[in-house]
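Shown here is one chain on its own, the form predicted on its own, set out as structure tokens.
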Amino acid sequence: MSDFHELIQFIRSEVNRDLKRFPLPESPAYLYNPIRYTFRGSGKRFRPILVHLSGRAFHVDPDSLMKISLATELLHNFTLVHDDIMDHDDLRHGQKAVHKKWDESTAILTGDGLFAIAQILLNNLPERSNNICRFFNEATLEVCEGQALDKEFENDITISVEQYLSMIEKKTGALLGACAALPAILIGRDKDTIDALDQFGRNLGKGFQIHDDLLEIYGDADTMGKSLGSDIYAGKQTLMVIMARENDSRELSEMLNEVNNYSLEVMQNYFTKSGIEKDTKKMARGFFDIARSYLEKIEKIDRSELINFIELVEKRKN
């Protein structure tokens, strides 16, 4: 795995390099300075890395892969800039959120600009740009639907596990599915292959988000770069909260009614003793295993790096 980790670091550094030297005009500074600012954030670059790994499995042209990978990262940052406004988050990728460093109007325009630049990148691809843009935009709409559902679900104690899983497939899984499938679309692979890659990414995304819910409670605050338990304090319907409510609504209600009076340790003990931590880990593993099974369905592909990537996501600490 050491060679694989070196590959991941290399791809991440190449993506960061291309973001920092991305040719943007100087004027109007109101638009382009905040866009440059988002490029400097310390993101993990999981999405562009997945694009490159998927493309490497099919021996896709690296220059085209970089265009697609940058477009997916720009789209991801577009959603984050707007999400930070809606969720009142002050920090993003180790620096102030755009709406906090400037203002909400600037942040809205910055997100719009990021999305437009992503479209321009994809339209400059040498082949099948129409098919790629259509798939990319369909995934974008799903991400927007997922964010809408996430906002609708806040403080709604009727949300079920099934509704939650549908929401995270849209909000997180759709873009990861696109990252996996777009290189295959570029080289004209068959529909079954594209669908299998899309489902691989979607299930990877669901496992990723559920694992994120666990880290939100059991992770290390310094490694995570945010306060643990913040989603619960904000009234978000995480998987663990939903499972707790379905298992023992009375005890959970007592805790959530006075959530600010409960320490993180109390919440950790509750989720552990109730078996919810164990069940959540099991569900995350299940989606990672489904992701692996979709890779096995694809013929004439070197899937080793993609399988290693699943393990990397599954074991991440932040």
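Each residue number is its position in the shown sequence, starting from 1. These figures come from a predicted structure and were not determined experimentally.
Keep in mind that the form predicted in complex with a further copy of the same chain is not shown, yet the notes after this line are about it.
- Heavy atoms within 4.5 Å of a further copy of the same chain in the predicted complex map, among the stretches 205-213, 79-87, 190-198, 176-184, onto 79-87 alone.
- Shown here without its partner, the chain carries Leu31, Leu141 and Leu149, all of which come within 4.5 Å of a further copy of the same chain in the predicted complex through at least one heavy atom.
- Contact with a further copy of the same chain in the predicted complex, judged by any heavy atom within 4.5 Å, is made by just one of Leu91, Ile108, Leu165, Ile157: Ile108.
- Among heavy atoms of Gln95, none comes within 4.5 Å of a further copy of the same chain in the predicted complex.
- By the criterion of a heavy atom within 4.5 Å, Cys133 is counted among the residues contacting a further copy of the same chain in the predicted complex.
- In the predicted complex, at least one heavy atom of Ile117 sits within 4.5 Å of a heavy atom of a further copy of the same chain.
- Shown alone here, Asn123 lies within 4.5 Å of a further copy of the same chain in the predicted complex, counting heavy atoms only.
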